[in-house]
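Quick setup: one chain, the form predicted on its own, written in C-alpha cells, and binding and motion questions come after.
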C-alpha cells in the first residue's frame, strides 16, 4: 500500500479536477470524491491517461457516515491518506439578507464548513499515526479580504476556514501534519454559474484558471515536510487601462 495517497473532494470539475491532474503529474495515487460518479470517472480516466492511479469514490461531504465509509475504502484500496485537498464548495444566487433562503444558508454551511471538518476528522488519526500529512483547504479570496457580493453564508463559512487551518497547525504540526488555507481570487469555472449575474467571456478572460489553482495546490503538496504554508492568496493580475 502506498502511503502517499492524495484524497481530493470536489474533484469532478474546476479547481478540484485541476488539482487532481496536477497531483497525477507528481506521481501520487489519487482518490477522487464528488457528488457525480460519471464526472469523477472521467477525471479518473484523465489521470490514468497521464500514467497515474485513480480511484473514484462518489461522496456528498455533508453525509458524515458516508465520509467515514469513503475514508475506510480509500485506506483499504490505496493506502493511508498522506495529503488531503478540500475543494468541494457551494454558493447560491440569493446572497443578500433581503432575499436569502435559510435552507440554502444551511446547505452552504454544511458543504463549506462542516464538510471539510468531517473529512479532516476522518483522516487525522491515520496522519498522526504515520507522523505525516498535508491538508490544503481551498477557500476563497473573500475569506482573506471581505467581499460584500460573495454572500452572507459564503463569506461567513469561507472566513471560518482560516481559524480552522490555524488551529490544525497549532495543534498538529508536532505530529508532522501541516495545513494551508488557499485563497484564490476569481476563477473561470462553472462555479460562476451560481452568481446572480453570470460573468461574460471578457470578464472570464481576466480571471485565474483552474490550472492556476492546481499549480498552487501542487506547490503546497510538494514543499519540503518542514515547510508550513499557513495561508496562500492568489489573484488575477489587474488589467491595464
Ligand SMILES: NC(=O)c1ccc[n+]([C@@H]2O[C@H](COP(=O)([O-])OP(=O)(O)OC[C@H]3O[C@@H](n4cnc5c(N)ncnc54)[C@H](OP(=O)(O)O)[C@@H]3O)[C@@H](O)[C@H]2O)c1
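Residue numbers count along the first chain shown, from 1. Everything numeric in this text was worked out from a predicted model, so none of it was measured.
Another form exists, predicted in complex with the named molecule; not displayed. Remarks below refer to it.
- Think of it this way: in the predicted complex, the named molecule has a heavy atom of just one of 111, 159, 118, 169 within 4.5 Å, and the residue is 111.
- Residues of just one listed stretch (44-52, 57-65, 23-31, 172-180) have heavy atoms within 4.5 Å of the named molecule in the predicted complex: 57-65.
- In the predicted complex, residue 186 approaches the named molecule with a heavy atom inside 4.5 Å.
- Taking non-hydrogen atoms only, residue 195 approaches the named molecule to within 4.5 angstroms in the predicted complex.
- Taking the partner from elsewhere, residue 88 is found to have a heavy atom lying within 4.5 Å of the named molecule in the predicted complex.
- Proximity of residue 15 to the named molecule in the predicted complex: non-hydrogen atoms within 4.5 Å are present.
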